[in-house]
Structures are given as C-alpha cells and as structure tokens.
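Starting off, we have a lone chain in the form predicted alone, written out as structure tokens.
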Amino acid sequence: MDQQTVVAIDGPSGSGKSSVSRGTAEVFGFRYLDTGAMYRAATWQILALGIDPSDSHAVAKAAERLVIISGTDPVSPTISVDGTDVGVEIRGDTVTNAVSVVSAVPEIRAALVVMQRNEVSAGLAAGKGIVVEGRDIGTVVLPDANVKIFLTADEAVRARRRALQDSEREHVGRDDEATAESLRRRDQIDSQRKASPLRPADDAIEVDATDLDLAQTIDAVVRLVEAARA
C-alpha cells in the first residue's frame, strides 16, 4: 500500500464516518483527520468568545483568530483550541446545536480548509497516508484524493447508532426520535448551505452501512481502498 494515499470519506451525521475512518486508518497505518471535530472546535471557540452563532458577521471576524490543533493518531485523536483540550466539550449539546450554523459561514470554512490541507500536506511530506473524514472532503477540500467514499445509512439506523453513542459517552439515556430530528435538522442545514454543501463527489463510491456492522463497514472501505490503489 502506497503510504502517500489520501482517502476522503464524506457522509451525513451519524453514518459512522469517524469510527470507520479511524478503523481504516489503523489498518493501513495512516494518519486520521476528523474535520467535523475541527468545525466543532471552531464552534466551541465562537461560543467561548460570547459570540452569537447566528451573527454571521461576528463569526466571520472570529475566523481570523482560530487556533485549532488536530492530533492525527487514529488510535487516540485529539483536538485543542489555543492549547486547551476540548475533545469532550465539543461533543455536548450546546456545540452540537450550533455547529451547522457556524459551519455555514464561508470565512469559517475557508480558514479550516487551509488547516485541513496543511495537515494532509504534512502527513504526505512525512511519508504517511491519511484518511480524512467530513462533509466536503471529496468535493472541496481534497478533490484530487486517491479514493473518495460517501458513507451513508438509513436515517433510523443513523439515529439509533448516534443515540447509543451519545448515551455511552454521557451516561444518560437518549431518545431515538429526538436524535433523528436533530440529525434531520443538521442534514438539512449542511445540504442546503451555499458554502460547500453536503453531497457526494461525482467520482465518489457510495457505501451504504444500513445492514453492516462496524467491522463489516471498515472491511468494505478497506477493500475499496485496496482496489483503487491496485
């Protein structure tokens, strides 16, 4: 396997992008970049600065001050803002409810795309391949990626998996229907925004994980990566 391989994995909320991307990166010994965590970190910083996420002008100005560092070890990825580890905080409801609004601001996306491309360049310069996951990786961030995958699943399945994931992390029960409504709202915002909307790249391979468990989904993606590089 060419260690300079770049794999782009896009898809809607709750499709399993993070777990599948990390698992794929581990198989090949690649680095891993969670761009969704970067947008969550940016949202955390916006809120920490006391800025209203719906004030697009103020959010755009704050884009100039973003200092986000992403750890790319797939076994234990990290995310920090101005030296503060925010890995736990960015998964809370406050950030979750605001991240799609903040992410829709073009200046925020422009700033983070630069960071994301720099991280990929650093990995390749070090002779390491990388798996990058998000919503616009194959279409905007890395249109020349060696492999582009659009990971999806039935809405009910995505909601159930996300509710279980949140319950395990927060040690509180999560309602599937409430989670489904949250996913629908985020998908709608992400798909309809003017800046880098969520959609499959024209040359992306779609993987439907509705009837697959995590191991099976990782195996499907690994086989696609191997076939693309053969």
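What you see is a predicted model; the values in this text were computed from it and never measured. In case it trips you up, residue 1 is the first one in the sequence shown, and so on.
The protein also exists as the form predicted together with 2'-deoxycytidine-5'-monophosphate; that form is not presented, and the subsequent description refers to it.
At a distance threshold of 4.5 angstroms between non-hydrogen atoms, R135 is in contact with 2'-deoxycytidine-5'-monophosphate in the predicted complex. In the predicted complex, at least one heavy atom of V99 sits within 4.5 Å of 2'-deoxycytidine-5'-monophosphate. In the predicted complex, none of the heavy atoms of P53 sits within 4.5 Å of a heavy atom of 2'-deoxycytidine-5'-monophosphate. For the chain shown alone, R117 is not a contact residue for 2'-deoxycytidine-5'-monophosphate in the predicted complex, no non-hydrogen atom being within 4.5 angstroms. Remark: all three candidate residues (K17, Y39 and S103) come within 4.5 Å of 2'-deoxycytidine-5'-monophosphate in the predicted complex, counting heavy atoms only.
This chain is displayed without 2'-deoxycytidine-5'-monophosphate, yet in the predicted complex the stretch 187-195 from 201-209, 56-64, 22-30, 187-195 comes within 4.5 Å of it by heavy atoms.
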